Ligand code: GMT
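Quick heads-up: it's one chain on its own, the form predicted alone, in structure tokens.
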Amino acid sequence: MKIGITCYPTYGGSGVVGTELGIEMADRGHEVHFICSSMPMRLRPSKLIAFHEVEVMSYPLFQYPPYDLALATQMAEVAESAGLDLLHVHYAIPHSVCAYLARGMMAPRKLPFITTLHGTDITLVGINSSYLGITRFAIEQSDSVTAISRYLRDKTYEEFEIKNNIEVIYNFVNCDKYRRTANPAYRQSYAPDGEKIVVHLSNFRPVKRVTEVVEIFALVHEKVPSKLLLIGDGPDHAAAEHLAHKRGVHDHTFFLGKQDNVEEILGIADVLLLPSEMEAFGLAALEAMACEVVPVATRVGGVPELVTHGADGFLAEVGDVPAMADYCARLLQSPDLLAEMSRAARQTAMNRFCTSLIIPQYENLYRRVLEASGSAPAFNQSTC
């Protein structure tokens, strides 16, 4: 198949999932064209992966550059020149609207598009009165709609009164790539005296509550010699760093910024802290679990669909810093408990969320959409 993918090229979950999906599709022999405002963080073009940058014209009359119109035009141009079979857009606003416009521009040729909902496009942006109507319209006009959790599917039905079927296809992780590191020297570079390692991975937006990560770690550090690794960057970086100084743990905290190979860092950690106010799924927790890192997360959104409390991780209420610190310290103080839950976390990732299980669901979805539109190519059954 020839697939066009549009996602935000940022450190957020929707961009990561869209990028990783394209990479996995290319590994299975499909031709993938990324149509984005800039190169996605984890993307490296190859023989079967092409990147098309959306260029926006600046003009004094425009208070805000019309990115959505430029994107729709680029989608249509790439679909024409590359002979795309379909478009798959991640995050409803404005990507699904742009795909709808591109499909109209391609008429009478059929260009179906699929929309994958990721979270804040529904729970925050989409329900804003300025965007609710257009978000509902774009979802209903999509040839197929997927959501990354049952929670998000149900939330979409509730908020938008959508009549279309929304299929749940969970986020995924490459279990061969994300695994425990076998390089003790790398771990020692952060914890030279054998300290335990706590990690956090996010885009440092307020919803991720990064300052609470520092608060939790400060309490844990009082009980257990440990280090904190913070992967990512964003608006709350400065506040988190200031708090680390204030709480006296800055010398034990590493702000690592955005990383392309997060699996190498996750693979040396013991516990992941995810105190988010909302997570539609919790991709960071899944990637950590594949690396045998036990998540201590909040019981919000789709996280309980991933983490089973007391078995492969711990869940607490939003803002309950003492409880999350207690769970984390309990794990770090008990080698047997940590080892048992680490194995269970890895097993959950392998049994339910590996690419070998999830990617075929997307391939099957693509095939069904193309067959329904009457534009299905001659599929190579060895890859599909």
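Source: prediction; values computed, not measured. One-based numbering along the sequence shown.
One more form of this protein should be noted, the form predicted in complex with the named molecule, which is absent from this view; the next part is about it.
- Of the residues given (E212, E292, E287, E279), E279 alone sits with a heavy atom within 4.5 Å of the named molecule in the model of the complex.
- Listed residues P275, G313, G119, G232 were compared with the named molecule in the model of the complex; G119 is the one with a heavy atom within 4.5 Å.
- Residue heavy atoms within 4.5 Å of the named molecule in the model of the complex occur in exactly one stretch of 75 to 83, 154 to 162, 203 to 211, 219 to 227, and that stretch is 203 to 211.
- In the model of the complex, at least one heavy atom of G13 sits within 4.5 Å of the named molecule.
- The named molecule is not shown here, and in the model of the complex it never comes within 4.5 Å of any heavy atom of S142.
- Put simply, I148 is close to the named molecule in the model of the complex: some heavy atom of it is within 4.5 Å.
- Heavy atoms of F113 never reach within 4.5 Å of the named molecule in the model of the complex, leaving it off the interface.
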